[in-house]
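In the block that follows, a single chain appears as structure tokens, in the form predicted alone.
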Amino acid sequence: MIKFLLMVNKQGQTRLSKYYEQVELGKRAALEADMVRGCLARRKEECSFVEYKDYKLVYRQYAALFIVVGITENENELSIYELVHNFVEVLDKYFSRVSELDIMFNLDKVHIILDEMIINGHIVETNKNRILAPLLALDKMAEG
């Protein structure tokens, strides 16, 4: 099961966070800072799977952004690694070459995309067209 998903830049600033289990707000900042510091400190040659406290972390770097996913021990790391890639491909398709600024200024749309893919910590959709359909329908309604 997916416990959380974070998008952070190279400076360690969180650009997106989505939690699928209850974590107190006070603990979130410390948890995020510690996890991100650990992931940013790793070299590119090292594995993208890290054990951290009660979680396994799966992270992937795209340009200046890191996507970090916390999962339970029984979740498949490779499927989550591919899910992260699929998430970025969907963002690229919608934003035409997604950037950190796209995420910052369209956080609501990024959350809609993420909510179409993951519900309650479980992957429910991976088809790019089906993921984007509700968002494209909202865009069409906003235009007309």
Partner chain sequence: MSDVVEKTLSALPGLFDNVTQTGAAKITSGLKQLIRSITELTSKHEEEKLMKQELSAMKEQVSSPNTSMKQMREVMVRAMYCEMLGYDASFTYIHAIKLAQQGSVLEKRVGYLAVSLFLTEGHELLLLLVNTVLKDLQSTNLIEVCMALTVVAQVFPKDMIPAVLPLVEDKLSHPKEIIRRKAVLALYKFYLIAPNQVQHIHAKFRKALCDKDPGVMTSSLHIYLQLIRESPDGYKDLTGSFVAIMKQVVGGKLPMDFYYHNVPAPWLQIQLLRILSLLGREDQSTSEQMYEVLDESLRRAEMNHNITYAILYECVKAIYTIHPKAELLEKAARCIGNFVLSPKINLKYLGLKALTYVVQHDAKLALQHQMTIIECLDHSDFTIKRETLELLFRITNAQNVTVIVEKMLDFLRGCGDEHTVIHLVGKVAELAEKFAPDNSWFIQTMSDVFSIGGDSLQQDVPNNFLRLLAEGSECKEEDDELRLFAVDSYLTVLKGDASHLPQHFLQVMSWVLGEYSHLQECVDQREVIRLLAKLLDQRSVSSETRVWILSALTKISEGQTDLILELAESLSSSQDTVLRQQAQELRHLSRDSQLQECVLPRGAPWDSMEVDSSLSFLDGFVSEALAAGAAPYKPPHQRQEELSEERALNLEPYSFSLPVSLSSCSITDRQSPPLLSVSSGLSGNSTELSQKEGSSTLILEGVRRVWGKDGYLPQKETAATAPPVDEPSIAVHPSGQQEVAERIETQPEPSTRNQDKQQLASSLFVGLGTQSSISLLGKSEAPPPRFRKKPRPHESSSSSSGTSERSSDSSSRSSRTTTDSFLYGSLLEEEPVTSTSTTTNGLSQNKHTEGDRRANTSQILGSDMVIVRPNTIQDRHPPSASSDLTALLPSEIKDLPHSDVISLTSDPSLSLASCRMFRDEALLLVIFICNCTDTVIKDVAVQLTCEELETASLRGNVVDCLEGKSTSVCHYALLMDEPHTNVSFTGTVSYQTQPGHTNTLPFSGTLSTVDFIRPLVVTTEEYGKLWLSLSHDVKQNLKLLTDAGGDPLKTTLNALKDALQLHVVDIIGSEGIVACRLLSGAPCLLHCRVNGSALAMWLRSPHPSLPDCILYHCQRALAEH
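Numbering follows the first chain given and starts at 1. All values derive from a computational prediction rather than experimental measurement.
Not pictured, yet referred to below: the form predicted in complex with the partner chain.
Student: Would V88 show up as a contact with the partner chain in the predicted complex if we use heavy atoms at 4.5 Å?
Tutor: Close contact exists here: in the predicted complex, V88 approaches the partner chain to within 4.5 Å, heavy atoms only.
Student: Going by a heavy atom distance of 4.5 Å, is R37 a contact of the partner chain in the predicted complex?
Tutor: Although the partner chain is absent here, R37 would stay clear of it in the predicted complex, with no heavy atoms inside 4.5 Å.
Student: Quick one: does L83 come within 4.5 Å of the partner chain in the predicted complex, counting heavy atoms only?
Tutor: So L83 counts as contacting the partner chain.
Student: Considering non-hydrogen atoms and a 4.5 Å limit, does the partner chain approach L31 in the predicted complex?
Tutor: L31: no, not in contact with the partner chain in the predicted complex.
Student: Within 7 to 34, which residues have a heavy atom closer than or equal to 4.5 Å from the partner chain in the predicted complex?
Tutor: In sequence order, N9, Q11, Q13, T14, R15, L16, S17, K18, Q22, L25, A29, E32 come within 4.5 Å of the partner.
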